[in-house]
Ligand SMILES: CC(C)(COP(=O)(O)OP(=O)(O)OC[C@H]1O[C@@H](n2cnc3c(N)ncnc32)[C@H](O)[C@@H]1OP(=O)(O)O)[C@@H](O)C(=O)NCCC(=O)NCCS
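What follows is a single chain, given as structure tokens, in the form predicted alone.
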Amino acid sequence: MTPTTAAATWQLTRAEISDAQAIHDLVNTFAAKGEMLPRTMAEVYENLRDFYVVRDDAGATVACGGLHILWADLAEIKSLAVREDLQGHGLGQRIVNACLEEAHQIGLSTAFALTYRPGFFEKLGFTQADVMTLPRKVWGECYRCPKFPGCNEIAMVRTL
């Protein structure tokens, strides 16, 4: 399958149990390069219901990302990963848009992402913010991260 000829066959869907290993592998491929935080298999299974995946025409999971609710008004788009050879073909955007649509449908007012690629999120209507404006994230999860308080990820926020 080539990205240019098979784009119409890529399927965006909710993650299933059979996607867990592929999600783990995608995320940890980028984590090994320092581009995102690693996830254990336990974390993937615990949060599987948060995830959307994109599958190719052979059924292989080639992209993933999740909407993780933090509070009544706030959710994070996290673990967004697209197989390297398929980046730039709109797969990440499709996942983010699905997350935003879900967030809107369930009544959330704000979505955010922590990223090393703010330009990607800016194209989708996010704006840069100080991570300290997201105290539920910082004190709910970030403080447990080995990179805290020296994390250099950029907070990107979008009002829904």
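Don't overthink the numbering: it's just position in the shown sequence, from 1. None of these values were measured; they are calculated from a predicted model.
Not on display, but discussed next: the form predicted together with the named molecule.
Heavy atoms of every residue among 36, 81 and 90 are located within 4.5 Å of the named molecule in the predicted complex. The partner is absent here; in the predicted complex, the one residue of 107, 125, 59, 119 having a heavy atom within 4.5 Å of the named molecule is 119. Proximity to the named molecule in the predicted complex, defined as a heavy atom within 4.5 Å, singles out one entry of 54, 100, 114, 44, which is 114. Contact with the named molecule, judged by heavy atoms within 4.5 Å in the predicted complex, is confined among 66-74, 28-36, 46-54, 125-133 to 28-36.
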